[in-house]
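Here we start with a single chain on its own, the form predicted alone, put down as C-alpha cells.
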Amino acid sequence: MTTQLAPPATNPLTTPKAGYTAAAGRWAGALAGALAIFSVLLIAKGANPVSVFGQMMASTFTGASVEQIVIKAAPLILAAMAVVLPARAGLANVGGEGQVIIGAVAGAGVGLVVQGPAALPLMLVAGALGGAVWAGLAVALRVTVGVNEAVTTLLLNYVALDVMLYLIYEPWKDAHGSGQPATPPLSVEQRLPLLSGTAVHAGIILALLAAVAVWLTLRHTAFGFRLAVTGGNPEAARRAGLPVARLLMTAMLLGGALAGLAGVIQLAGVEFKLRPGLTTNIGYIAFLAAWLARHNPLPATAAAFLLAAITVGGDSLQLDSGLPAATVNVLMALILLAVLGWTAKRSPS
C-alpha cells in the first residue's frame, strides 16, 4: 500500500512576484528610516528638513547637475567594480582609494613624458597597471603569509596618498604654476573627449562597459563560477582542484586595475592635473556603493549613480542650508546602515 504525500504548502512570500514586492518594501522602509533619522539630525542643527530636502531635489535635477552626477558616477562605477570582483572570491578590497590614487599617478607620469595621439591610451593602460600592482601587494601578502587583505589594502591607501604628495610637492611640481602643489596640466590631446553637446566625458562609457563586462564575467563564465566557489568555501575549492591562490590573485589584480582606471578617468576627465584632493574620496564612496548593492555589479552601478546624486545634491546642504560640508557623508552612512541592516533577509524562526 502506497502512501500519498500531500503537496508542499506554498508560501506566497517565496514566489518571485511576492519576493520582489517584499524586497521593494524593505528598500523603501530602509530609505524612509534613514531619511527620518537624518531629519532628526537636521532639526537638531536648526534646519527645516522639508526645506533642506526640497533644496536638495531642486539643485540635483537641473540640467547642469544631472551632467555632474554622470561625471561623478563614472569613476565611482569603476571603483565599485574593484570591490565587487574580489568580493566574489571572498576578498575585501578596502583599498580602492589608494588604487585610484596610484592609477592617477601612473597616468600622470605617462602624461609627463608622452605627447600625441598615443598619450591618452597609454595613460589609461598605465593607470590600470598601477592600480593592479598596488592591489597585488595586498593579495600577495594574503596568499603567502596570510595577512588579511582588508587591513593591508586600507593601510596602503595612506601610503599611496604619501606617494602622490611627495611627487607633487617635489619632482613633479609645476615650476610654472601658482606655487600650489600640482603637476603641469594635461594637454588637450591627453584629456578624455566630451560627449557631443554635453560636459560629460567619455569615461562614463568606459565605466558602463566595465560594469557590464564584470556582470557577464561573474554570471556567465567558468572564471566567475570558480570565483564564486572559492569565495563560498575556499577549502572545498582546494579539494575540488581549483587553483585558489591564483584565483584570489587574479580577482584582486583585476579589481585593482579597474580602480586604477578610475583614477586616470578622474585625472583626464575632470582634474587634468595631480593635486591634493584629486580623488574626492572616490574609493571610499565606491566601497559604500558596492556594499549597498551587496556586491552585485549592476545594482552597484545604480548605487554609484545614487551616491553621485547625493554628493551633487549635498552641495546645497552647505550653500543653501548653511550646514557643514560633512553632512552629506552622514546621509550616505545612514542610507548604507539602513539598507544593510533593514533589508537583510530574516532567517525563519
Partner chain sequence: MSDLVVDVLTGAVRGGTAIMFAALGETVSERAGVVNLGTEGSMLVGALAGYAVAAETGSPWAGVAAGAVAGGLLALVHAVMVVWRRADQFATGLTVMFLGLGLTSLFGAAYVGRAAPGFDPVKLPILGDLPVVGEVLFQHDPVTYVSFAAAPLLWWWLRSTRGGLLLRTAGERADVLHVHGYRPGLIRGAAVVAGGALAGIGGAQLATAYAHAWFEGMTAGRGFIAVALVIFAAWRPLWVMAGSYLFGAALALAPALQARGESLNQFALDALPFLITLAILAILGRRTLRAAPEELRRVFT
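Just so it is clear, the model here is predicted, and its values are computed rather than measured. Numbering follows the first chain given and starts at 1.
Quick note: we don't show the form predicted together with the partner chain, though the next part is all about it.
> For the three residues 174, 302 and 306, which mark the spot I'm curious about, does each lie within 4.5 Å of the partner chain in the predicted complex through at least one heavy atom?
Judged in the predicted complex, none of 174, 302 and 306 sits within 4.5 Å of the partner chain.
> Give a yes or no for residue 197: in the predicted complex, does one of its heavy atoms lie within 4.5 Å of a heavy atom belonging to the partner chain?
Contact check for residue 197: no, nothing within 4.5 Å of the partner chain in the predicted complex.
> I'd like to check something about residue 281: if you look in the predicted complex, is any of its heavy atoms closer than or equal to 4.5 Å to a heavy atom of the partner chain?
Yes, residue 281 is a contact residue.
> Under a 4.5 Å heavy atom criterion, is residue 341 part of the interface with the partner chain in the predicted complex?
Yes, residue 341 is a contact residue.
> Would you check, heavy atoms only and a 4.5 Å threshold, whether residue 188 touches the partner chain in the predicted complex?
Taking the distances in the predicted complex, the answer for residue 188 is no, it never comes within 4.5 Å of the partner chain.
> Which single stretch, out of 99 to 107, 121 to 129, 210 to 218, 138 to 146, brings residue heavy atoms within 4.5 Å of the partner chain in the predicted complex?
Contact-bearing stretch, as computed: 138 to 146.
> In the predicted complex, which of the listed residues (66, 57, 41, 31) lies with a heavy atom within 4.5 Å of the partner chain?
So the residue touching the partner chain in the predicted complex, by this definition, is 41.
> Do any residues of 135 to 169 have a non-hydrogen atom within 4.5 angstroms of the partner chain in the predicted complex? If so, which ones, in sequence order?
Going through 135 to 169 in order - heavy atoms within 4.5 Å of the partner chain in the predicted complex - the hits are 141, 144, 145, 146, 147, 148, 150, 151, 152, 154, 155, 156, 158, 159, 162, 165, 166, 169.
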